[in-house]
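Starting off, we have a lone chain in the form predicted alone, written out as structure tokens.
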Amino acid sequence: MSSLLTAHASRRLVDKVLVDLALLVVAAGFVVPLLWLLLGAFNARAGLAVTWPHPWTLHNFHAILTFETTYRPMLNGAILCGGGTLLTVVASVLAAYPLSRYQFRAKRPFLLTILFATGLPITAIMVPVYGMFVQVNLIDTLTGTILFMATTALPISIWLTKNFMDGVPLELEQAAWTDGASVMQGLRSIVLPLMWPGLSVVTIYTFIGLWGNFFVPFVLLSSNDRLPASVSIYTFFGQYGQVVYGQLAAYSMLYSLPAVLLYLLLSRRLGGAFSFGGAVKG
């Protein structure tokens, strides 16, 4: 009996070690590129290998902190992604409300269509979209690019918003309707304040997705003074005979800051998600 227990314990120990090793390999796949990024940004002679800076220097940041290289692409990216995120969140709330609160015959097919659209590859529709934008004179415009980027983010945002809105008790709105509030007043005064954590998730998810979108602005924008930072990284990478890896690492660090700052700004709203307490009692 004791030998069986010992063998079982040995197998569990081996399985645990194997799982830990697998997790370490996966973690290394994330940590090593991040370590290269952090060290390379402060290394004037950075290469493809992960090396300790000697000496530590801010030369790479001084080289890229120019209007053409960093400031203008960052501003363009903020306009494109900020506008696209705002438009997406507003449209998602208005589209998710009837899906969450009402029952109608086309509800399930519509939700399945949205779910299908979340998996539709953007590359499959870019050629007809480009042709349409040329015909309606929206090519190489920030407005047209914002509209299309918001459209690409809308299906998954509607799906997420609807799920978060389902968590708000309908009885709270019904009480407001009894007091004379309209549907839009109930949405604005009851539903939205209670689902702020969910809206924060949708906002962060949408902004990060748009901020990292390379293909759409690369196709729809042709003027250098309108390109966002996601495209400027590509042009910066290939405009020299050889890549200056230290400057590229420094630029990548600055490029990631807006998404990190947005997460830090909205993350405090995620802790108390849907804490209704005793709001529907009695």
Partner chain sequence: MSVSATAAPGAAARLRRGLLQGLPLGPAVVLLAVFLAGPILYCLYSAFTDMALTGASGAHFVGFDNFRKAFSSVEFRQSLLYTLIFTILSAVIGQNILGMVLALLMRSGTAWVRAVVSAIVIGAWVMPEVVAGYLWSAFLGDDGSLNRFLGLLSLPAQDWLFSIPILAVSLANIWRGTAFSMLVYSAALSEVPKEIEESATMDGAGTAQRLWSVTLPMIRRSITTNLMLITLQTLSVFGLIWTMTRGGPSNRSETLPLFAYQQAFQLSQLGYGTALALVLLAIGAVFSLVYLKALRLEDHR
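Numbering follows the first chain given and starts at 1. Between two forms, the rigid core is defined as the largest C-alpha subset superposing within 1.5 Å. This is a predicted model, so every value here is computed, not measured.
One more form of this protein, predicted together with its partner chain, exists but is not displayed; see below.
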What is the one choice in L199, V129, A78, L172 with a heavy atom within 4.5 Å of its partner chain in the predicted complex?
-> V129
Could you tell me which stretch in 189-197, 68-76, 116-124, 162-170 has residues with non-hydrogen atoms within 4.5 Å of its partner chain in the predicted complex?
-> 116-124
Going by a heavy atom distance of 4.5 Å, is V26 a contact of its partner chain in the predicted complex?
-> yes
Give a yes/no on whether K16 approaches its partner chain to within 4.5 Å in the predicted complex, heavy atoms considered.
-> yes
If you check in the predicted complex, is L37 within 4.5 Å of its partner chain, heavy atoms only?
-> yes
Does F61 make contact with its partner chain in the predicted complex, using a 4.5 Å heavy atom cut-off?
-> no
Within 34-71, which residues come within 4.5 Å of its partner chain in the predicted complex, counting heavy atoms only?
-> L34, W36, L37, L48, A49, V50, T51
Could you check whether the CA atom of L58 moves 2 Å or more between the shown form and the other one, using the rigid core for the fit?
-> no
Is F30 among the residues whose Cα moves by 2 Å or more between the shown form and the other one after superposition of the rigid core?
-> yes
